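Below: one protein chain in two forms, given as structure tokens, structure 1 then structure 2.
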Structure 1
Amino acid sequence: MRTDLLRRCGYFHNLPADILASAASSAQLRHVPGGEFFFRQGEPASHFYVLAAGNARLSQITPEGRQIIMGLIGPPHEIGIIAAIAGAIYPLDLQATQDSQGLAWDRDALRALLEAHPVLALRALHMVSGRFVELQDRYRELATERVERRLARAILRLAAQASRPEADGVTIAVRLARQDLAELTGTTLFTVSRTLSAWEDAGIVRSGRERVTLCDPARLTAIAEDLPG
């Protein structure tokens, strides 16, 4: 089961069976109750995780003391590769939003894995640089883009990470309250509710309790990219 999970994870995707088996055997399974944290912002980066079950929220406290949700993740998402770097600290909180499980590699196990399999070290480098660019893009969005565009981008990003087909569209496959969307996009609950209601009237999305369905992804993409019409 562990190797099947890793095979579906982006970091381990398309790797030989021996590397998957080595990674799976060196991981520990960690259970985190809903509301508890896998790790907190500012703590020493001690573990690398692949979420195995449940859902979790990535958030960051800005220097001004404002909390911003950076992402909502489901299995088999990987997070915390920065643990491979000596002296690194976690730049974000990772909080379970429901009872969750994660495969965890402590720093020693992770380094041994990277030394034994250079392809994983190269992927780790790409992941660290990619996450840095991701954070820069999110801050740029929050600082410069109008709310409707930020909200459309956030919904499309979540749908790309985890979704399931429905009869009338594609539903984001993680619990997603409107307050979560407000914190993801740096706006208010009122603004998110008003925007989603307008999009529902236009047939672009359908939202309910902790769920959002994309009924017309093309029109939502047009809003996200600020296209005419």
Structure 2
Amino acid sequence: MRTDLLRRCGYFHNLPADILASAASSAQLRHVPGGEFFFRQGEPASHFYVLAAGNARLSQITPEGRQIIMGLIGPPHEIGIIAAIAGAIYPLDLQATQDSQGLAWDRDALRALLEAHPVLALRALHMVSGRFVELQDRYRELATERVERRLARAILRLAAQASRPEADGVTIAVRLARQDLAELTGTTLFTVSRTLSAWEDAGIVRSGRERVTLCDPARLTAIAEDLPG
């Protein structure tokens, strides 16, 4: 079942069985209870992970202690390739938001894999490049767009990532506090709360404690893209 997991993640997708097998066999399974950390910002970068089960949060802490969330991830998602390859230390935290499991390769195992299968180095380059372009886009958003629009985008992104249908819309399938949305969009919990209240009055979303339900995705998209209506 390890190879099945790998097959489902972009990094290992469509690779020959022998590569998958050798990758799967050189990984260790690590269990991390909800709230605990896979790794913390500043620690020596020791492992490359593929999240196998659960959910996790990638975040950075500013020198002043303010936190910002770089991403919320679910399985199967690759994390730490950059650190494990290039960097001496992890540049951010990876915290399990529920009980989670990850396949972990230490640096030696990763290096051995990359050397034995050069295609994995190219794949890694693809993956990191793709993430770079995404991050660049989010940087531009942050530099040029208003909070409401950034929040709309963030919610749509999360809904696309993990949502479950309900009677009156789709609910984002992870616990999502106002504070999380604030740290995800670079604003405050108060502004998020006000914005969600306004959207709720307009019938675009319904929301409650750590929960957001999308009722009218089209109108939220209109806000995200700054369309009329």
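Note that the rigid core is defined as the largest set of C-alphas that superpose within 1.5 Å between two forms. The first residue in the sequence of structure 1 is number 1, and each one after it adds one. Computed from a predicted model, the values in this text were never measured in an experiment.
Note that the form predicted on its own is the one shown as structure 1, not structure 2. In the two-part rigid description of the change between structures 1 and 2, residue 210 is assigned to a different part from residue 110. The chain behaves as two rigid units between structures 1 and 2, and the smaller unit swings by 15° against the larger after C-alpha superposition. For residue 171, the displacement of the CA atom between structures 1 and 2, after superposition on the rigid core, amounts to 4.8 Å. On core superposition, residue 155 has its C-alpha offset by 2.5 angstrom between structures 1 and 2.
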